[in-house]
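Presented as structure tokens, the chain that follows is alone, the form predicted alone.
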């Protein structure tokens, strides 16, 4: 029921209780889980890695480690990030317990209650939870298929009477919108931030999951652009490329930001699991990552193509979306008079769940979208789930037309 509870986390508690009762005992078709499918995990490779480890290294896995991270993993990550064009020499890596911890550490480092944070709209719900917990004042900027709305961002910055502490963005295969920023939009974003003193927090959990090798150039991180007058903190994760259970993420930042971040992490959990860091390091060092990513890209592309095909076949013409170039998600747009929460309440009784649009709105109001994750879906369930979802939307459209008439 994890994916179900994840899908309804923005609804009122009484609604949740009623819907969970209706859904209990059902075999759910879940478009909700923004996570890999269990059958895709590299279990065999990890078994081989662990069984080949020296006894002393296995013992080390049970021990505390440095707060900054397991040194061999940091070294392996340096090579991994250099391949993305990132300047390792001028920055430092901090290993974190998932990239969400990196976001939390940065927020604790820079933000006090009432301080302003800029985000995209829609925005990754995990980050929103972090920002809300510290009492930040969140101002959101709309995005389109090419990235953040540059004019809206300029206007927002000019309208504020205080400098925002940072702008948080997910430019590559956005969660939930599935888009990737164009190179031009990334450049424009950096131009807007130039000279403002606003830090850019670049969250990059999905960039290795592109579908087309010819479009690999699109994933280039903004931190690799060499812009000197914009402070950029780059975060990444192993959750989408090895497994969420590893709870491994990282941040790349200037030494000054790193030092305070390390102190914050020390107070949070002392260190990230040595056991998982050792396994991840061997996965990287033994050159197992790229073959595994090739496998994942093929699997996710197949799931995306199935979902795209069935949406084109069954969805009414009033429903629109952008076909993603990578990542996990398709973001459906409903007519403005149809609410995704109402659609959800109907589909859950038929055994289909997704994540509602207002979950990703910092103001929790905009509800004409819904997120479909294809990453965790059994392939055989995709068509059946789309049929149920499309029939429910068609019914809502007819009801609304009758009401208008």
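Residue numbers count along the first chain shown, from 1. For clarity, every value in this text was computed on a predicted model and none was experimentally measured.
Keep in mind the form predicted together with a further copy of the same chain is missing from the figure; the text below concerns it.
Proximity of residue 58 to a further copy of the same chain in the model of the complex falls within the 4.5 Å heavy atom cutoff. Proximity of residue 272 to a further copy of the same chain in the model of the complex: non-hydrogen atoms within 4.5 Å are present. Among heavy atoms of residue 46, some come within 4.5 Å of a further copy of the same chain in the model of the complex. Using a 4.5 Å cutoff between non-hydrogen atoms, residue 267 counts as a contact of a further copy of the same chain in the model of the complex. None of 84-92, 245-253, 214-222, 195-203 except one has non-hydrogen atoms within 4.5 angstroms of a further copy of the same chain in the model of the complex; the exception is 245-253.
Screening 129, 79, 155, 313 for any heavy atom within 4.5 Å of a further copy of the same chain in the model of the complex leaves a single hit, 129. Just one of 151, 294, 133, 305 comes within 4.5 Å of a further copy of the same chain in the model of the complex, counting any heavy atom, and that one is 133. Using a 4.5 Å heavy atom cutoff, none of 190, 323 and 369 lies near a further copy of the same chain in the model of the complex. In the model of the complex, the residues of 60-84 lying within 4.5 Å of a further copy of the same chain by at least one heavy atom are, in order, 60, 61, 62, 63, 64.
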